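For reference, the chain that follows is the form predicted on its own, supplied as structure tokens.
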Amino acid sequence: MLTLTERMLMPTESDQHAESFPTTQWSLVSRAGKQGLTVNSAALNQLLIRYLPALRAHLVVTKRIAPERADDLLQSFVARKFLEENLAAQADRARGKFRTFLLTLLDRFVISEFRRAAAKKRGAERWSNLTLEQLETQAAGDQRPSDAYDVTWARQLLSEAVRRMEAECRSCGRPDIWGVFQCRVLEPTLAGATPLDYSEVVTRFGFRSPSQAANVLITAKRMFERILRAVVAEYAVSEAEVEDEIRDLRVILARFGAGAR
């Protein structure tokens, strides 16, 4: 049987037909909030798909919580904060980046659960290799996201942008744009592959010349940049924050390897 976390991470038909480009800032977070008396489950699914893997990595790697316990904590966090308290509707964009806001709330939630279990003598110390005091010290210290959180967030962001670009190329009947981007940029960047020589690109995708293939690659790069910005803009407060998040993404990829593997 699938856990709540696994069900939330499974793509739905609504996810496949989600809007590619937001019409308002923070649209993804806003759409996940309550509409009337119910939570917008399709938008919430998109939000969780974006963030749950990064939150899980943060718990397992940074907080040193066993994977099974991390899954339990995330299920409780989603149920209480998103479904019962409707966190998405309460999120205040004026407080800064949503991903930092979300991580802070998770840290506080973990400490609260740790204390609850300790009070009931359930052996809370076995949740993690860290003590309650160490968890509290971490939460009270530098609020920058952990490396594990950053890398997984970057991977999810790139994955969503790549998914949307492939879908757009397919819907527009331009497999050549996707193919050139994949063999000249995507695979070399994420998998360390050697970029396909332009002579082979011409043969594979039916271009008239290497110069035409190079021009299509420029188009592909611009398309990816546009889509990446659209993905970020779904939860960014302003154009300045979009730039800030993309800058963070580049720094993360530079620090931990081009593909953040």
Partner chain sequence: MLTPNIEDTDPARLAELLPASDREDKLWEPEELGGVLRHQLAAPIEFDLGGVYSAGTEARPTRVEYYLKQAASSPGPELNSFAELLYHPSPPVELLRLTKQFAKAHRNQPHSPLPREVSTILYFASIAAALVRCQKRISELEDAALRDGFKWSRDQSWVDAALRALFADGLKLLS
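Positions refer to the first chain, counted from 1. All values derive from a computational prediction rather than experimental measurement.
As for the form predicted in complex with the partner chain, it is not shown, yet the points below apply to it.
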*So, 151, 162 and 178: all three within 4.5 Å of the partner chain in the predicted bound form by heavy atoms, or not?*
yes
*For residue 172, is any heavy atom within 4.5 Å of the partner chain in the predicted bound form, or not?*
no
*Taking 4.5 angstroms as the cut-off for heavy atoms, does residue 81 touch the partner chain in the predicted bound form?*
no
*asked:* Is residue 55 part of the interface with the partner chain in the predicted bound form - any heavy atom within 4.5 Å?
replied: no
*asked:* I'd like to check something about residue 229: if you look in the predicted bound form, is any of its heavy atoms closer than or equal to 4.5 Å to a heavy atom of the partner chain?
replied: yes
*Would you kindly say which of 146, 189, 104, 75 lies with a heavy atom within 4.5 Å of the partner chain in the predicted bound form?*
189
*Option touching the partner chain, based on a heavy atom within 4.5 Å in the predicted bound form, out of 48, 202, 61, 217*: 217
